[in-house]
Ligand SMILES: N[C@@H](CC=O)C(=O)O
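Only one chain comes next, encoded as structure tokens, the form predicted alone.
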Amino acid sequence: MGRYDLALIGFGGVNRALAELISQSGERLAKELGFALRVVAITDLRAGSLVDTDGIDLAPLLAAGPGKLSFAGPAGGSADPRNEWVIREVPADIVVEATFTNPTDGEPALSHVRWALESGKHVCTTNKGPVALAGRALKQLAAERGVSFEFEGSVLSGTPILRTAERMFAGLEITGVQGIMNGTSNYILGRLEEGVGLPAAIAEAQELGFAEADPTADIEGHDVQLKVMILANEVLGADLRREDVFCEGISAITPDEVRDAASKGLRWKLVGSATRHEDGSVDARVAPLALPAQHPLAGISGPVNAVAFHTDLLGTVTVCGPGAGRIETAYALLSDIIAIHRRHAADDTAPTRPVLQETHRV
């Protein structure tokens, strides 16, 4: 049976959930998938970095409480994350990038992905920044190095929206997409519909774990803007930059407006959309819309996400599912790893795993 050695870049909720999955269900997954997974390196901004080319014992790391984890003590550990060294030098097959999203320039995740691809390593990531801002260049780099760059979780978390479009819609012409792609804003709009004020609704979403401490990206539409760019570029063949996508959030919508719309059979939703025209150009935008009840996105409630694909032969096809959650997003990473395996398992030209130089150990 084959095995993939992983380097986890970032050890927050998502990569920690992937480590839990490997630790608790590794044997079952190996039997089902035909390959094993082993973590040989972890880096984290707060905890530092840990390397063991024979495989890291994940159980004690997962047992550590929030904020209590430090890699400074164990053999192969350091208080320094050493991201570039770990990515370039540690003999991992797949680099799993799950650090924070920077919507401005994609850093540091963009560099993490580039270093890995330059080193001949496969990459899977949930990070929207590198995919939205430099996806075309990174895919070209991956092709030149004979490796894969996978990012299913960058749009709808564990719901396989990109692979659905790629694999299940063959023979269809997709002319546009519309989606509810941010569970936080969707939950908040639902609470406004029930008469709760915006600050209270945001606080509720934070308490439930839907919203970040700083909810600006969710409330002002920036998170959806990046996801629309990814969908437009991947599904519609566009090459959009951030400034090409008009973006308006939900902060100006009042509970009275939401309730008034509901009384008329309309529901406010933050909708990201992209449309391809006959000349091949693509328009994209993010804006709140009051949708009629018959619209395929009108009934999407709470933290659930959905994307409606407009096609030539099937009309509108809507895919919905969880758009957030650490376990759900970790599944997206697992699905990326499975995709890498299926693409490269029989490829004799796959990159050779490098050998870690002892002089680099800390």
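For the two forms, the rigid core is made up of the largest set of C-alpha atoms that agree within 1.5 Å on superposition. Keep in mind it's a predicted model, so treat the numbers as computed, not measured. Heads up: residue numbers just count along the shown sequence, starting at 1.
There is also a form predicted together with this ligand; it is not shown, and the following applies to it.
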Original post:
So in the predicted bound form, does Gln225 come within 4.5 Å of this ligand, heavy atom to heavy atom?
Top reply: no
Original post:
Heavy atoms within 4.5 Å of this ligand in the predicted bound form: does Leu138 have any?
Top reply: no
Original post:
Does this ligand get within 4.5 angstroms of any non-hydrogen atom of Ala211 in the predicted bound form?
Top reply: yes
Original post:
Is Asp218 close to this ligand in the predicted bound form, meaning a heavy atom pair under 4.5 Å apart or at it?
Top reply: yes
Subject >> Contact stretch among 318-326, 33-41, 54-62, 293-301 - heavy atom within 4.5 Å of this ligand in the predicted bound form >> reply: 318-326
**OP:** Please pick, from Gly183, Gly249, Gly176, Pro160, the one residue with any non-hydrogen atom lying within 4.5 angstroms of this ligand in the predicted bound form.
**Re:** Gly183
Original post:
Are there residues in 117-146 with a heavy atom within 4.5 Å of this ligand in the predicted bound form, and which are they, in order?
Top reply: Lys128
Subject >> Leu208 C-alpha moves between this form and the one not shown by 2 Å or more, core aligned >> reply: yes
